[in-house]
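Take a look at this single chain in structure tokens; it is the form predicted alone.
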Amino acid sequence: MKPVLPAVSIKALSFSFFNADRRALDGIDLDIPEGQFVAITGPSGCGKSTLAMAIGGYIPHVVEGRLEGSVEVGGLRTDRARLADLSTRVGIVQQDPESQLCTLDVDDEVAFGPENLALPADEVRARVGRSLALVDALHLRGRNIYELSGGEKQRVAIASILAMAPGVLILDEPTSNLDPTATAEVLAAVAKLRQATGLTIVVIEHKLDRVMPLADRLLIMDRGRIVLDGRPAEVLRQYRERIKEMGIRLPAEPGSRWRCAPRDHPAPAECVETVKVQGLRSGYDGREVLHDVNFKACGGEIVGIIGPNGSGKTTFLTHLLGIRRPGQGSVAVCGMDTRAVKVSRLARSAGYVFQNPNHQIFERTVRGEAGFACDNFGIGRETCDRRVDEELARFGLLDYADRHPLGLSFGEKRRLNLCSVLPHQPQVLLLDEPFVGQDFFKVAVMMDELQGLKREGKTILMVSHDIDMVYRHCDRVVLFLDGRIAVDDAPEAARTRIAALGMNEYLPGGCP
């Protein structure tokens, strides 16, 4: 009997980017049988996405560097096969699905790959319908891609890969930018897909509670190596033991959600009002997005902002920095009317971390990026350099100080964004999904930093889909629904009110 080849076979694989001294992958040996569901996790920057690019053939065909060893997918060596041939063996849905969308229409997007294979028109149409059906997205046919929600875009991105009929599907943090409802929908689609097709599926994820029920196997990576590999429950047990031996206190056990422990935080003894929004109405493209929003925040507060994709959270933050101006009503930050003051002036008092880390990278080195605002605002060179190095060290980026920031991993870029708004010490921090791409160690470091800034009297507004983090660490929980603030209260009271709305996906883990 002819032996069954693994879907993926990796032998002695090492890879270094040309501008890096350290190996991003270091001696990887890995076989993945056909039909297996493999989850991969590990610290931010440990090589997870690099491994995905190697399996998909992006390395070495698109991303160049020093490559040793071999990767075979469906019997093809990735370094010797054409990308066109590999695309029918393996497909990658990237961490940011927008980065791989090529067209404006859902049908055109899903048809893009098969059309480039020069398949007959009837076959292309059949694949479009079949692929959209597999991810429960047939109702999206004919829609404009950029009018879709984050969860809808993610499902279209998966369908566009499925239309190529690969044997291996790789999902790189598929739910990192999705609200809890969309997360449940996408993972349900992945579960249905696996049951219907028997695909080999590899999912890279930090929040293991999302994928543990689906996984046959769990890999833990660290410093470019696979350090643990086996059945998920056993690997998690070993992982916890390794962490305890390192003497690190975890905010929560890996693979579990925060316990149901929302707690009321004491309000500042005296409210020094730093943000005041009254009767805000605003929109774009002829559509009102925010409807009569009233809000205030004080120095020494961390306010967590939650809600579905498209509910107005990011639009609200952009008004606080003056990027968007009110249609009606008023917005004041640190006493400045955002309609009367330039964004450059507001930015001295309000530091903004954008949702997509690539949207605010300007410099050619990590150190230059971290000091960009500090330099622009005329703070002394010696002071800037000292503060920049302190922040880079705190967030584990000092070793990369002379590298180009676009060469960092997604999670590292996210931390760099935060580093870049801290050295000039703004009074208000506006953070849009700050924990995306972060392992629990880095999240703990980031929260320690934010709690320290709170004690200094800073105001922190944090949009996040990490519901458990919001309840555990924020003084107030604000729920946006359809462009309105539906709930604004202390965590325990907010939990009760949100539960009464029947929105259980916006309650902390374990809560009824």
Partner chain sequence: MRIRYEPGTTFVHALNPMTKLAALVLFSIGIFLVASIPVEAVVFLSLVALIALIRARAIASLLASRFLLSFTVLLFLVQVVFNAGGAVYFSIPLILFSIPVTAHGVAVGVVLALRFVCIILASAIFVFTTDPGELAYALIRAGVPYRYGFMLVTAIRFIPVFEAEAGTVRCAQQARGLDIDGKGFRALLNSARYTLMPLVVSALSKVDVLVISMEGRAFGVRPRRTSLREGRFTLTDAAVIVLAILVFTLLLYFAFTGQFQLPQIVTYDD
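Since this is a predicted model, take the numbers as computed values, not measurements. Positions refer to the first chain, counted from 1.
Although not depicted, the form predicted in complex with its partner chain is the subject of the following passage.
Note on contacts: among 410, 440, 352, 400, the single residue with a heavy atom within 4.5 Å of its partner chain in the predicted bound form is 352.
Between the options 80, 364, 386, 242, the residue in contact with its partner chain in the predicted bound form by a heavy atom within 4.5 angstroms is 364. Note that among 333 to 341, 117 to 125, 293 to 301, 218 to 226, the stretch whose heavy atoms approach its partner chain to within 4.5 Å in the predicted bound form is 117 to 125. Looking at residue 184, you'd find every heavy atom of it more than 4.5 angstroms from its partner chain in the predicted bound form. Taking non-hydrogen atoms only, residue 195 never approaches its partner chain to within 4.5 angstroms in the predicted bound form.
Using a 4.5 angstroms threshold between heavy atoms, residue 113 counts as touching its partner chain in the predicted bound form. Residue contact with its partner chain in the predicted bound form: residue 237 places no heavy atom within 4.5 Å of it. By the 4.5 Å heavy atom rule, the three marked residues 99, 360 and 420 all count as contacting its partner chain in the predicted bound form. Contact annotation for 157 to 189: residues with any non-hydrogen atom within 4.5 angstroms of its partner chain in the predicted bound form are 160, 161, 164, listed in sequence order.
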